[in-house]
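Next comes just one chain, in C-alpha cells: the form predicted alone.
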C-alpha cells in the first residue's frame, strides 16, 4: 500500500493562483509553490513533472469550470446570457482569466503534452462542440455549418475578443463591452428564420 498523499493537486493549484495574483503568471515556479504550501520541492515534482504541467493542470481545471457554466446557460436556451457569460465571468474571476490566456485548447490537444493533458483538452473540445450543436439545432431547426459558425462568432469569438485586450492590460473589461456583445448576438440571431 502506498503512502497517503500529504498534498492535493488543489493545494498546488491554489498556491500557483496566489503567485499569479501577487506577481503574474511568470512568477510561478516549482520552488515558489513548494514554499507557499510548506512542501518539499520533491513533493511537487512527485506530483508534477514540471512547472508547465502545474500550469496546464490549473488551466484545464479553470477551463472545465468556466465551460460548465457556459454550457449550462446554453443548454437552457439563453443565447444572450450565453454571449454575456465571458465578460461577466472575467469580471468575477480576474486571476483565473489571466491564467486562461496562457494556453489555447488546441495547443494542449496538439502539442507534446502527456496523454492525460491531451485527453482532458479533447474532452473540453468535444463537450463544447456537442453543446453548440445542440443549441444550434434547437434555435435554427438544423445544425448547418453556417449556423454553427454564426453562433461560434456570436457566443465565443466576439465575447473573447471583447475582453482579451483588457486582460492583457490588467484592466477590468468595462460595462460597455456587454452592450456590444449583446448587440452582436441579437444581430446573429435575427437570421433564425432565414433559410440558411
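Numbering follows the first chain given and starts at 1. Note that the structure is a prediction, hence the values are computed from the model and not measured. Throughout, rigid core stands for the largest set of C-alpha atoms superposing within 1.5 Å between the two forms.
One more form of this protein exists, namely the form predicted together with a further copy of the same chain; it is left out here, but the text below deals with it.
Remark: none of the three candidate residues (113, 117 and 126) comes within 4.5 Å of a further copy of the same chain in the predicted bound form, counting heavy atoms only. Among 41, 36, 143, 152, the residue placing a heavy atom within 4.5 Å of a further copy of the same chain in the predicted bound form is 152. Proximity to a further copy of the same chain in the predicted bound form, defined as a heavy atom within 4.5 Å, singles out one entry of 81, 102, 109, 95, which is 102. a further copy of the same chain is not shown here, but in the predicted bound form it comes within 4.5 Å of a heavy atom of residue 165.
In the predicted bound form, a further copy of the same chain sits beyond 4.5 Å of every heavy atom of residue 53. Looking at residue 180, you'd find a heavy atom of it within 4.5 angstroms of a further copy of the same chain in the predicted bound form. Contact annotation: residue 64 falls outside 4.5 Å of a further copy of the same chain in the predicted bound form, judged by heavy atom distances. Screening 43-51, 66-74, 28-36, 143-151 for residues having heavy atoms within 4.5 Å of a further copy of the same chain in the predicted bound form returns a single hit, 143-151. Residue displacement note: residue 26 has its CA displaced by at least 2 Å between this form and the one not shown (rigid core superposed). If you compare C-alpha positions, residue 102 and residue 160 are 3 angstroms or more closer together in the predicted bound form than in the form on display. By 3 Å or more, the C-alpha separation between residue 167 and residue 102 shrinks in the predicted bound form relative to the form shown here.
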